[in-house]
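Presented below, as structure tokens, is a lone chain in the form predicted alone.
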């Protein structure tokens, strides 16, 4: 029997982090001969991750253009990926999550009648405009999917409700935990380097902040920055570390409101291994990112999420994550409670991460092989 030939497609940094364990697993298996294709939706940030995980791309489409619209990116993505499918003739197409890359990969696979494997399938908020455009992307991807690899029971139930065949839905856990556990182990051994870079932290408690979602631009961001400013004054012994996203919609309000506070440190966006070290070093995390909500429970770090809805309710139910939206008052009161009350803090440290045990990639590759698409 010939080896299974999957085309593994990704284009952004979060996708690369979540696809890396699958790529590695495919490359180590004698039964799989993977083709790795980057769309290059995020260029620099993507390169950092592929180097760290030692991923060699077979094809790099370099689609990123300055000030691209979603429509122009999607159009280029469809055209270029279709040409890749024609040239490589894979047995199936694999992509992760809910980006423009995933939407395009799912459509191209469908047009060529190839099985589509959706990694991290079944996430839903129920609101087509939050997160935007991701909620629409993942719903469309589900329609064309042959193998839904869902992280949790809840995401499986979302797909059952939408009448997808149960035989095609498999709970695999989330591959982000595979990457996290691998990285945290590696960076703890490398800790000296980071401790020197962040020596200003000393032994102080540290709040790690990330914020960049489109739907928070404008007034939402101003509230977030005002909350951080108030907290920094209320907790002068705590360091607030904020790797600031390069988007001008983020840079401007953050620098205007936070640049002169002595215990707030605005740093450049941290490469993945460094960010994992920062999460591991932090006391708690204030974020609007999806991935952080999945990773932090494995490190026993409470997360305060600056979003009104989340497609990751499992961590909220487990107690590890709290949704506060972008309300200044809610952000201030939630973080103040956790920084000043050790009993409340320990309630947020969960023993079992609802998103996985670090063996998700193996389950996914085993499932792909069991489909016998390569016969």
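Residue numbers count along the first chain shown, from 1. These figures come from a predicted structure and were not determined experimentally.
Below, we turn to the form predicted together with uridine-5'-diphosphate (UDP), even though it does not appear here.
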Any chance residue 228 has a heavy atom within 4.5 Å of uridine-5'-diphosphate (UDP) in the model of the complex? no
Is residue 363 close to uridine-5'-diphosphate (UDP) in the model of the complex, meaning a heavy atom pair under 4.5 Å apart or at it? no
Is residue 115 one of the residues lying within 4.5 Å of uridine-5'-diphosphate (UDP) in the model of the complex, judged by heavy atom distances? no
Do residue 124 and uridine-5'-diphosphate (UDP) come within 4.5 Å of each other in the model of the complex, heavy atoms counted? no
What I'd like checked is whether 14, 269 and 292 together line uridine-5'-diphosphate (UDP) in the model of the complex, meaning each has a non-hydrogen atom within 4.5 Å of it. yes
uridine-5'-diphosphate (UDP) isn't shown here, but in the model of the complex which of 172, 104, 210, 183 has a heavy atom within 4.5 Å of it? 210
Only one of 300, 255, 197, 245 comes within 4.5 Å of uridine-5'-diphosphate (UDP) in the model of the complex by heavy atoms, so just point that one out. 245
Partner absent here, but in the model of the complex, which of 154-162, 220-228, 80-88, 284-292 has residues with a heavy atom within 4.5 Å of uridine-5'-diphosphate (UDP)? 284-292
